[in-house]
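Single chain ahead, written as structure tokens, the form predicted on its own.
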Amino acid sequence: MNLTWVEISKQALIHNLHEFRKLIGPHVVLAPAIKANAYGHGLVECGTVFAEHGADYLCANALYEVEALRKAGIKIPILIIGYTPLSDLGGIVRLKAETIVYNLETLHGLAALGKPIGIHLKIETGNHRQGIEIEQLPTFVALLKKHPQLELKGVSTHFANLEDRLNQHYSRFQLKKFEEAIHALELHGMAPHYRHCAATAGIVAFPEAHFNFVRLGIGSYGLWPSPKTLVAAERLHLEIKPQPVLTWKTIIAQVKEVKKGSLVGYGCTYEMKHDGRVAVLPIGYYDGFVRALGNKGFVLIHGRRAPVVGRVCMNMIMVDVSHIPQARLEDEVVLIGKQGNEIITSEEMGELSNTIHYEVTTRINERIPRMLKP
């Protein structure tokens, strides 16, 4: 019996793909991002569903993710959007992947392999993360022309604050720079087929940025990038209803009677306000249950909220079940998801722990089983 596990709704994954396909139309490449263990949802589990139900590409962060997907039998194109060490570039060829390029050293390393490779240049437009300055493009173009086995398949960029603003002023500034870079490439005789800069927020709020390829991120998993993205969708009267995919569960490992005034957990940070019952759950910050949720968070037991009492331990938390008299050893507990009429969302968990829901789901330890459910 598992102490903790994650259930993934296959139906919700498919539904979300179809919802975003409606926004972009049939002729735009739909490329879900499966980096970071599919945002914590399960790399192979989600990647397989996407590949079988309408995704045109997958976006991975690193070579090891591509390796796992190929071993699982996934054959659709995979684009590596993170960094591959120079010593590992041969793996891109071996695994038949494509890769984002933004360093001349990487381009030289790929050229030295002497093998056909699809590349996508990443343009710096104002995020100042990955990217090539427009003034650097002639050097990249010259190297590409010298090595025709390097196929320039795409050009991309990434918005800095689209999900944080309803005002798109900075995003439009970035889009203009991106279009200038595309024009510069065309003037040099390089006209990459794929142009992509829209992630989930861009797909929803910035249709001008769809071009012919979108990288669907957290929306793949039924989560909104931010409340502002939801507001933007409502303002645009978009009929889109993504469904959360993930339910995270554990069990009760002990139920004990605790007297009023007793101190609970490390640091004695919680004092029982009444005679009652505390349940010990075999889940902790090692598993990804954020330590900041001590004395703040909740779980669901028998369809009712049970507050976390005391500090979150490495492998355990304690919750007050005084108001849930039917709570018993090995009862199922929901950490994220729905039970009965109650629900705990990753957004709520993020807000309570002063972080974002992206971090909440990606922190769920990879060793925890992900189980696909119909």
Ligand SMILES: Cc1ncc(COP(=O)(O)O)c(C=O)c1O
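Note that the structure is a prediction, hence the values are computed from the model and not measured. Residue positions are given as counts along the sequence shown, with the first one as 1.
The form predicted together with the ligand exists for this protein as well; it is not shown, and the discussion that follows is about that form.
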- prompt: Even though the ligand is not shown here, does Ile81 get within 4.5 Å of it in the predicted bound form, heavy atoms only?
  reply: yes
is_contact(Tyr39, the ligand) in the predicted bound form, heavy atom dist at most 4.5 Å: yes
query: With the partner left out of view, is Ala97 within 4.5 angstroms of the ligand in the predicted bound form by any non-hydrogen atom?
result: no
query: Do Thr200 and the ligand come within 4.5 Å of each other in the predicted bound form, heavy atoms counted?
result: yes
- line: For the ligand in the predicted bound form, the stretch among 269-277, 286-294, 69-77, 121-129 with residues bearing a heavy atom within 4.5 Å is 121-129
- request: Identify which of Ile218, Val155, Ile301, Val204 has a heavy atom within 4.5 Å of the ligand in the predicted bound form; exactly one of them does.
  value: Ile218
